[in-house]
Structures are given as structure tokens and as C-alpha cells.
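Shown next are two forms of a single protein chain, provided one at a time as C-alpha cells under the names structure 1 and structure 2.
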Structure 1
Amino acid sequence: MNLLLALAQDMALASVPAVGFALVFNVPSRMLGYCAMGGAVGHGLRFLLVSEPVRMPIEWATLLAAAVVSLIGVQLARRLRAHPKVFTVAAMIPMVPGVPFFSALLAIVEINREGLTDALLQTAINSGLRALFIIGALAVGLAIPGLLFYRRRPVV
């Protein structure tokens, strides 16, 4: 029950940034709902996969979550007569590792300013690699339908 409550909260919180960034990307108004849904499903699924019973590494969880959102997006894209990326990229935004990305860059700047220390090097490499692999997982996950099912024909 506790897990379900945490999941509901996670999904609700993730749907807001998906729509917020969809507004910046000028996604057409009638697709904003799908962005919210995609954001909630993706982030929620990743939350489930990394928490207690499954405990999957976050990169693999991200890959699976992105692939599921992308598969749903492909089905919707036909109906909406629009490329799935139009609304699935906005749905990925809540999963983009912004904090590790900036942490790594700031640590590199800090190394330049104060000299190399073990702590700074650790932050730079750990955060940087985490950001790199999660972003890779997001992009590859979104490409999964094209890689597996739509190899020689267009989605829309």
C-alpha cells in the first residue's frame, strides 16, 4: 500500500514537468495530455523498477521505461497523424539526469580552480558517467520501436 501511494505521488509529480517542457517545445495543445501521460507512465515505471522488490540498475530501468513510452507513442502517433517524437521527447524530460549533469560540469570547473582532489574527481566521474548512461538509455529506449518493429517502414 505504501509503495502504491509513493508510486501515485511519483507519477503525479512527473507529469507536471512533462507538460511544462512540452509548452517550451510548442507541442500542439491537444497533445499535451499525452505528454503528461507519457511522463507519468515513464517515470512511474522507472520508480517501480528501481525500488524494493526489483531493484534494477537505474540505467536499465530508464531504458525499459523509455521503450514502453515509445511503444505507446507509436500507437498514438498513427491516430494523431504526427511523429511520435513530437510528444514522447517531452515525456522523457522528467527522467533526464539534470542534477548529475550539472554536478559533473561544476566539479570539473572546481578541479580547474582549486586543483585535483579525490572527492572532486569522484563527483566529476561518477555524476558524469551516470548522466551519460541515462541519456543514452533514454535515446535508445525511444528508438526501440524503430530498431525492433519498424525497421523498413515509417511509423507514420
Structure 2
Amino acid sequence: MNLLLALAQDMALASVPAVGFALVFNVPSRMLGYCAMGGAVGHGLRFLLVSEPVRMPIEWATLLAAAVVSLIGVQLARRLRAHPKVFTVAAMIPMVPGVPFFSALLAIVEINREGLTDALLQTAINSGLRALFIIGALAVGLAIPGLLFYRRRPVV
């Protein structure tokens, strides 16, 4: 039961930045609920995949969640006659890796201030690569429907 409460809280909190960025991107007001739903579904799915029963690495969980949100966004776009990016881009924002990127930047600043140590270098590299791979997973997940459905030529 504790996992369900944490999931509900995670999804509710993830919908707020999705709607905020949708407002920044001038998404029509009738589409804001769908953007909130996309942010909540994506972050909630990633939360479930990273949590205890599954324990998937966050990079792979982000890729899967971004692909699911992107596929849902394409289906919503067809049904509501809007561009898919209206739903998908704002829904990806809550999954942007702020903590790993900030940790990498802090480690780089500490290296500059105190000098190079093995622990700081390891923190900078690990956090920076984690942030880079999560951003890459978001980009690939966002591009999956375009690669699968909107190509005029075969993939291979």
C-alpha cells in the first residue's frame, strides 16, 4: 500500500511541471489536462520501473517511459487533431535529470576549488554520464513513434 501512495504522490507532483512547461510552450488550454496526464504517466511509469519489485536502471526506465508517453501522445494527437509534440514535449520535462546534472556540476566546481581528488572525479564522471544517458533516453524515446510510424523509407 505504501508503494501506491508514493506512486500517486509522484504522479501528482510530476503533472505540475508538465503543465507549467506546456503553458510556456503556448499549448492550448483545452490540451493542458492531456499534458498533465502525459507527465504523470511517464514519471509514474519510470517510478514503478525503478522501484523495488522491478529495480530497472533509471536510464532504461526513462527510455521505456518516454517511449510509452510518446506513443500515447501520437494516439492523442490523431484523435484530437493536434501535433504530437503538443502532448509529448511537455510530458518529458518532469523526467529531465536535474539531480545527476547538478551533482556533476557541483563536483566540477569542487575540483576547481579544492583540487582534483579521486572521489570528486568519480562523482563528476558518474553523475555527468548518468545525466547524459538519461537525456539521450528521453530523446530516443521521444523519437520512437516518428521512427516507427512516420518513415517513408524502411529503417534498414
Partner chain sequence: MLSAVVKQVTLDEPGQREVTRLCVQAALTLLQHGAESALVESVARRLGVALGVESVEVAIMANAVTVTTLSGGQCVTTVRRNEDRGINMHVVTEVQRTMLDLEDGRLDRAGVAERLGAIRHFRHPRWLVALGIGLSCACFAALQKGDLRTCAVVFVASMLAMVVRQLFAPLHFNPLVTFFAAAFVATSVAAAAVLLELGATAKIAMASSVLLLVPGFPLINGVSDMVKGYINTGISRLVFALMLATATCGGILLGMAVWNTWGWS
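We call the rigid core whatever largest set of C-alpha positions still superposes within 1.5 Å between the two forms. Structure 1 provides the reference sequence; residues are numbered from 1 along it. Worth saying up front: this structure is predicted, and the values here are computed from it rather than measured.
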(request) Name the structure that is the form predicted alone; the other one isn't. (result) 2
(request) Align both forms on the core first, then report whether residue 60 has a C-alpha shift of 2 Å or more between structure 1 and structure 2. (result) no
(message) Please determine whether the C-alpha atom of residue 44 is displaced by 2 Å or more between structure 1 and structure 2 following superposition on the rigid core.
(response) no
(message) Is residue 108 displaced by at least 2 Å at its C-alpha between structure 1 and structure 2 when the rigid core is overlaid?
(response) yes
(request) Check the Cα of residue 118 between structure 1 and structure 2 on a core superposition and give its shift in Å. (result) 2.5
